[in-house]
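Okay, here we've got a single chain as structure tokens, the form predicted alone, with questions on binding and movement later.
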Amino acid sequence: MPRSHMNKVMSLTEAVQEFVKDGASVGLGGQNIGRCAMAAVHEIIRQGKRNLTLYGCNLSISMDMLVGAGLVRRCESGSGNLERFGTTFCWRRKVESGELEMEDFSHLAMVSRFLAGEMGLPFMPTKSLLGSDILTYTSRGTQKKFEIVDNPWNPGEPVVLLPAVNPDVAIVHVQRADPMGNLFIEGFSTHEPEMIRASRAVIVTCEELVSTEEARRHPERTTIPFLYVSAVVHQPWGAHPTSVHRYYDYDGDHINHYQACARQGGEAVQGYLDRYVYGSKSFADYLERIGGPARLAGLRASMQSMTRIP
């Protein structure tokens, strides 16, 4: 039986060992402080996967933590911030010092690049970047960032060609998945559908693992079908401290704590990683370290007024 039709449930340790290699290009899901794949990021840091290239729209706390651990050599994204909690300080510090390669695109440009990748095209035309400084500033010593050509059907009309992106692996956290890898994303999905379909492998962590029979009863709710997914990991609270729509709110106190460490840098970042990542054997251990069920119940309680889709 093809692997795409098999039960793909595995541990997070197994998934990262198999699909995230040193030097890999990694597409990160989530946006700002919502649905970032934090459990997977912790496992990548514990396993010490190095020389990574990260792709995404707003590469948020997940990216910043990987950069702070010294595992990233390059980022290509639309931005790097945690909304009202500020910028991504580890990332900014290493970009400013020249230790980290960075290529800026708009969010729409990144989605367009993933769209080209999923369609098997070498590039995607767009007009959204014309007139912006994004076309002025480019990293040195890297592949060409863009090409401007004339519209062949309307000479004199410029069009920007952007290179496709096909990550070695995409990593996303979703509300629900079945063992075959059918994914159910509620709320925003941003760049994730295009990124998933463009990637060579896909690791998914989920709040709930539902039966394939349940998935087949509601086919219209499937955001991504099983054939694109390589590994499914059941990991409740796997986006903490970011939020998951209809499951739990973001943990503002913990985000502020991380941001204070990231802003200070050096020993403060290492201390955070030692306590919460390297010092935890699993994400379950991390959840205990941040306060366990009592703290998590408070985050879930703030979302109880929202009606869950059955």
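For every residue, the number given is its place in the sequence shown, counted from 1. In this text, all values refer to a predicted model and were calculated from it rather than measured experimentally.
Note that the form predicted together with a further copy of the same chain isn't included here; everything after this is about it.
Only one of 169, 71, 115, 231 comes within 4.5 Å of a further copy of the same chain in the predicted complex through a heavy atom, and that residue is 115.
When contacts are judged by a 4.5 Å heavy atom cut-off, residue 185 counts as touching a further copy of the same chain in the predicted complex.
In the predicted complex, a further copy of the same chain lies within 4.5 Å of some heavy atom of residue 246. Using a 4.5 angstroms threshold between heavy atoms, residue 119 counts as touching a further copy of the same chain in the predicted complex. Though the partner is left out of this view, residue 161 does reach within 4.5 Å of a further copy of the same chain in the predicted complex, counting heavy atoms only. Applying a 4.5 Å heavy atom cutoff to a further copy of the same chain in the predicted complex picks out 217, 218, 219, 220, 221 from 208 to 240, in order along the sequence.
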